[in-house]
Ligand code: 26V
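Consider the single chain below, provided in structure tokens and representing the form predicted alone.
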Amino acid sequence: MATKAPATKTAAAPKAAKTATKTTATKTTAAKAAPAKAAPVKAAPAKAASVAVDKAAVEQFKASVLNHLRTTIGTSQEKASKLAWWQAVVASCNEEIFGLLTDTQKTHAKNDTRAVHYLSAEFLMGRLTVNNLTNLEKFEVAREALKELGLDINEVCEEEPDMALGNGGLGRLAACFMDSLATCNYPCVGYGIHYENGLFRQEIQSGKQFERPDSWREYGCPWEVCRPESVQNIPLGGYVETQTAPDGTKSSVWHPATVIKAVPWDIPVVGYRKSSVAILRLWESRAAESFNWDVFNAGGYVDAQAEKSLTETISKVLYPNDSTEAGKELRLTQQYFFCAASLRDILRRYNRTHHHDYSEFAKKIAIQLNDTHPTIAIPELMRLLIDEEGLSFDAAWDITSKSFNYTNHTLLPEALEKWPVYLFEKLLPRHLEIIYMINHNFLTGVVDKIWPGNNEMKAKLSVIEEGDCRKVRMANLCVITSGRVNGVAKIHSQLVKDDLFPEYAQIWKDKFCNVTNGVTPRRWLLSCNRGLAALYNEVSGKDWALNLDSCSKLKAYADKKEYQDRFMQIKYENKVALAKTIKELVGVDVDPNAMFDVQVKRLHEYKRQHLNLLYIMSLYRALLENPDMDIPSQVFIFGAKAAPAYTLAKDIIYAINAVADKVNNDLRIKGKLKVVFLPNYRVSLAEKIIPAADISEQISTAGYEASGTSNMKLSMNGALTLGTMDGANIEIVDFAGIENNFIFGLSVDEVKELKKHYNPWDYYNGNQELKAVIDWLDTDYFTPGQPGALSSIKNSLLNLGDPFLVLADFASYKEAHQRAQQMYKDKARWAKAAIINSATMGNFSSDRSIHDYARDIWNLKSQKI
């Protein structure tokens, strides 16, 4: 933890800061005389600290934009739409970005560098324009240039759709890691799928979630470049033939039923201050023969396109619904498709220098599996080395086991993928043979030596799960193969070792390690919270975005009124901006002076949005009984998508919206409580919500959240964590202080103990307030004319056993909220806590995470471009 600055330094603020705060202090004093509900006077200290802009650079950027508007976009200044202006801005940025990319690739090729290849089913990139301008240090230049052209940069950048390439924390983490890899100059390539429609675009109709295609690149994306020279052909299906050579040796020959074309699209990822440019390579699926002329000429106009349509489905949607047989098959095909294409690309790059000599492969290539989705890459690399490169099984295994590493992101059994053996027999028969061989060697060569004759242990550790439907355990295959296995927070990594894979940890004592997740401060503070970034520029110097630890200097001023006023003024302005967004999106008026309580993350029972909902309902009941309760006004803000087949999660969304509709229109509670569900939660919306949050809801059942990253983003922007001792919350509180956050609920060990005999009915019957709120769900109070429309939530909490202990933690959760309400009344105390939370988040930069991976897992060196 960063140490506190000496007392002598604390007393003296930087000169620039002193000057800037005089006006603020005066205006804040004047604001005291205003009524309690009045907005603070808008002194704008952050804006006062604007960056001096080079006029020549502004003119150059302006000329470039106008040139691209005419020659690239093909329109004129007089009739250009905002979309055209945005495309011209991107084209201007790309002039520099692709030059930097070429320099980066030349450096790596010249030095034959070791590189990491990050395989992930998701890369939640969001929008790139503001982030790239920031990393190129051209944002202020672009803003001024567009202003001189009569345009607002924020309005222009709003034209950019979010890249719909991920779902939640897993994908956003991968995007942060790409930013940090580029910024820290580590040689790397990210590999994933070029989803046409992403997860889905969420629409809320009558309070319910409906999924619509998120066609983010319907009209193209100016940031990406197609690389037809690197197209790969991916085999699928068919059968395996055993052939015998004249010398008696046997070999397996795979005869695939079909071949899919994998087309690469490259998205450059710009490092901060133009340090280097990394590549995110995404694979689009296409038919090898996209149109059957013979069928068309015979009159089969629709059938002529059938193969094309079927093949293109592979890269159509992120996480197809696998509750159906067709969905399972598509999902496994997706995983194999992008892993096979990526490995062929890795081998192509390697062989440009090493000419099929694989003795150096493991020294030059590190492959990181981001969760179990890319596990099929393991038998695919084995297959390529054995079947196509002619290596022996043992030689291929030696290379493979030295190349792969695995990050576990979850302890939930349903998220540890298991695929039916019959699907492998149908789609990947050769890979199944290889998996059987890996498993046989492991069970006979490793398990038998440690636990001789112990068939129960063999069954538990085997890659193949026996039963009515035999399955391939992908997580087991990852652990057996990988050189290192890491969790993503200290407590999670310990649970991975102790609870999830204890026998493997006994076999390989040094295989398991921890790398706590992080988020990039460039996007999640410098780009999205420019007011706070300006304050850090004054206090910490302008290099803090490269060394987030230096932000700890602000902690020395946490008790000083002028800094408290400035910090909270910045927060207030962010809340005003979010209030405007809320009004535009859902038509609800919210007071920026209210406490903004935020829970934004994937909708899942273990994340316990329904615990939050039960508390809101209890607070609403209390306000109905006493509208003059002495509590601050509160706005509860949700953003979440539920998986299309996850019925209860969708019911929770419906319940939140039903309660919101009733609460927001009830004049009896005098506006003291508002509830907002913002539809289609995504990166660009998060960038507006997170800087405005006062409370960060991190309320997962202890032991279930691997790490969390929204907790880091929110705390970095001055929100106080209201959460359990779970995931990275524990480490955040270690740095920011438990007294500056609101911790509640059962610990990991207490959860384990309680689950042995948990009966939710005991809590229901033992707490009359809780019982009344739960029973409310059975009525039509929130769903007029539809009694029982919300009863599925009650059913899950009582009849289905409340698997995530919502009722057990309710009383403690309520008490934590009461502590937060009391602190919020004390403006100075709250401001101090908010400053300390923001100033102590240096450890949660993704730069630190990437340095840990590079040092402890990848053995990777930074390369100056």
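Residue indices: 1-based, along the sequence shown. These numbers were taken from a predicted model, which means no experiment stands behind them.
Note that the form predicted together with the ligand isn't included here; everything after this is about it.
With the site C-alphas superimposed, the ligand pose in the model of the complex sets the ligand onto this chain such that no atom is closer than 2.4 Å to backbone or C-beta atoms; an open site results. Although the partner is absent from the chain shown here, none of Gln609, Tyr763 and Asp802 has a heavy atom within 4.5 Å of the ligand in the model of the complex. Of the candidate stretches 767 to 775, 97 to 105, 585 to 593, 166 to 174, only 166 to 174 has residues with heavy atoms within 4.5 Å of the ligand in the model of the complex.
In the model of the complex, at least one heavy atom of Glu414 sits within 4.5 Å of a heavy atom of the ligand. In the model of the complex, the ligand stays beyond 4.5 Å of every heavy atom belonging to Lys650. Contact between Glu697 and the ligand in the model of the complex is not found at the 4.5 Å heavy atom cutoff.
Contact annotation: Asp112 falls outside 4.5 Å of the ligand in the model of the complex, judged by heavy atom distances. Site annotation in the model of the complex: the residue of Arg344, Arg143, Arg473, His409 reaching within 4.5 Å of the ligand with a heavy atom is His409. Exactly one listed residue, out of Leu128, Ala545, Val635, Ala706, brings a non-hydrogen atom to within 4.5 Å of the ligand in the model of the complex: Ala706. Residues are counted as partner-facing when one of their heavy atoms sits within 4.5 Å of the ligand in the model of the complex; in 504 to 523 only Asn517 qualifies.
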